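The chain below stands alone and is given as structure tokens, in the form predicted alone.
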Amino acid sequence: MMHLKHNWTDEQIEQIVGNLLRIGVMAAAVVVLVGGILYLIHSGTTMPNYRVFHGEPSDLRSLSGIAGDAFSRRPQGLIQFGLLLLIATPVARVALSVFAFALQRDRTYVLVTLIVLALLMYSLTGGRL
């Protein structure tokens, strides 16, 4: 059986988590900014009609639709994708914490963090796990 070294200090873990949060927020901001700029270029001169609420197009109501629109460089898809990145960043932080606590063999914190991760996933999926 392969033995993993687990000599990360709390300070190293905090630094990794901090970098993850910074990178996640910066990536989300850049994607939303690019989407916003493209949106203004394509439809910045049209007047919005606030009298009728149309909601989001059907392709922006699912993860696969948002990803497809974002990779097709559609402005609204990019904006939605950036917002998903922003939401996913703290979830990734909790998942990374589970991994870090497991390396430190701290079973109590692994259990507590897994419960938090499960609650986050349950709430983000609207209770449809």
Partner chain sequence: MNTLEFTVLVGLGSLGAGFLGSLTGLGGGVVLVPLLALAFGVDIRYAIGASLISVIATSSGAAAAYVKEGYSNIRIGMFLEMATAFGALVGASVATRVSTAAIAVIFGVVLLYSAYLSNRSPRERQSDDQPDPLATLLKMDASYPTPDGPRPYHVHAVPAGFSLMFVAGALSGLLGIGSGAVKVLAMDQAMHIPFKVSTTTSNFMIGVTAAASAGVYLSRGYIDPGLAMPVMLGVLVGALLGARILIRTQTRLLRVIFGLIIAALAIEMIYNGLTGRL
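Numbering follows the first chain given and starts at 1. Predicted model, so just to flag it, every value in this text is computed and none were measured.
The following text describes the form predicted together with its partner chain, which does not appear among the structures shown.
- When its partner chain is considered in the model of the complex, S43 lines it closely, a heavy atom lying within 4.5 Å.
- Although the partner is absent here, R73 sits far enough away that none of its heavy atoms falls within 4.5 Å of its partner chain in the model of the complex.
- Although the partner is absent from this view, G68 stays clear of its partner chain in the model of the complex, with no non-hydrogen atom inside 4.5 angstroms.
- Although the partner is absent here, L103 sits far enough away that none of its heavy atoms falls within 4.5 Å of its partner chain in the model of the complex.
- Taking its partner chain as positioned in the model of the complex, the residues of 19-55 that bring a heavy atom within 4.5 Å of it are, in sequence order, N19, L21, R22, V25, A28, A29, V32, L33, G36, Y39, L40, S43, G44, T45, T46, M47, P48, Y50, R51, V52, F53, H54, G55.
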